[in-house]
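Only one chain comes next, encoded as structure tokens, the form predicted alone.
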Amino acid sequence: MKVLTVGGGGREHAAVEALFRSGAEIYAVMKNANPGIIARAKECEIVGEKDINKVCDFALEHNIEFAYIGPEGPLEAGLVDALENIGVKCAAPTKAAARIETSKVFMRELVQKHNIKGNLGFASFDNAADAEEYLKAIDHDIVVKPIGLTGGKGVKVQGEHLHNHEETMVYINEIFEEHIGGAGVILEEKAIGEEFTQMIFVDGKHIAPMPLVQDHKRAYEGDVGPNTGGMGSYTDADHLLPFVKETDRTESLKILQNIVDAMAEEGCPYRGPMYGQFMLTSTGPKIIEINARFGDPEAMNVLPILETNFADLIKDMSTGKIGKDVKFKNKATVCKYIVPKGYGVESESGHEISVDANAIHACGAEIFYANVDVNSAGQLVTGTSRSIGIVGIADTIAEAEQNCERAAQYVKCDAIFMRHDIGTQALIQRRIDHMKQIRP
């Protein structure tokens, strides 16, 4: 089975490894020379992932049957539509279906129109003056989001990043002046609780769940600093999280199924992995965002423990035949991203980075290359985004975290850092204690 993969990040490397285990013949397109993907692919092409004509030409040249698209940018550009027009079946959403992520207003209005549980109050604006009038009229904290794509870095929260009306308006004006996200601003009700991620496989109608994951967006230990694309994440061996009940998970899956149903009813059926980010509040899960793809780093937690053949899942998602018996190992995982110095503010790039993959595997961990490249001298160097994901795997979160820490020492570079607190008992206990205060 020939599978085209698009994207050169850690999420895509995790998908490629899962496809390789499944026996697929992999053909990869990416904008950077990811050594992990190159090692598994039969053919690779370094090309812009939104260069639709070149990607389609590559697919035609190699008689590709199925495609998996990792990043959101090519989805917004309509790559799936173009591939399907030349006969390539895609386990990824069309441009219309990808609006569930690429337009935050589309998502909120869809949930509102179909009376789906878990929505938050919101209002969207195409100018700063109207947004300011709205702010003056409300009496609760809000979250400021550019409407379009920002690589997971555009969200700012009152009480955390924005401490008064003036700071909020400075950011709103910046969104319009700098065209951040490109399409206006949405102001959402601030939800109080603990975030969790429920990802699902979707075939247009049916869903199959993945283990729950908790991601950590803030750059520095103790959950402080700027928002990032995600510094790391963890799963538990029972596929829940220590602060999430089975009933909460059931409710989040019902919300996602209702969203899939609504999209089919609206004429834009969704196929591929879907990412549901929720805030667990005193009244249950609330929708923070829906993404049209695997999470990154969350994909690196779940794909290494996937027991079902991933190539079969790609085929089933793209042809509307997914089953509900998708299986994962009962293992805990802890992922920590090694990132370039300055990441989250202004990254340094081009630093040589060395990896001892055999030693990492001997520690009970997996390595996933992300935003790295190979320079003219053939040396692996850092890019401007997250460099390498290390995933510890074990029977418990504590053991997985230890495996991850031991493995991380085998990545050497003079300009990198990581959050060591992700997956530790102290950090997880704070989540548990917080939820006990909210929901005694």
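The model shown is predicted, which means the values in this text are computed figures rather than measured ones. Start at 1 with the first residue shown and count on from there.
The next section is about a form of this same protein that is not shown, the form predicted in complex with ligand AMP.
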- Task: Sort through 261, 195, 81, 312 and report the residue having a heavy atom within 4.5 Å of ligand AMP in the predicted complex.
- Result: 195
- Message: Quick check on this chain: which one of 185, 100, 143, 332 has a heavy atom within 4.5 Å of ligand AMP in the predicted complex?
- Response: 143
- Does the 4.5 Å heavy atom contact test between residue 132 and ligand AMP in the predicted complex come out positive? no
- Please run the contact check for residue 104 against ligand AMP in the predicted complex: heavy atoms, 4.5 angstroms, yes or no? yes
- Task: May I ask you to state whether residue 76 is within 4.5 Å of ligand AMP in the predicted complex, using heavy atom distances?
- Result: no
- Task: Please run the contact check for residue 217 against ligand AMP in the predicted complex: heavy atoms, 4.5 angstroms, yes or no?
- Result: yes
- Want to guess which of 163-171, 282-290, 88-96, 340-348 is within 4.5 Å of ligand AMP in the predicted complex, heavy atoms only? 282-290
- Message: For ligand AMP, considered in the predicted complex: do all three of 3, 24 and 39 come within 4.5 Å of it, counting heavy atoms only?
- Response: no
- Within 221-236, the residues having any heavy atom within 4.5 Å of ligand AMP in the predicted complex are 227
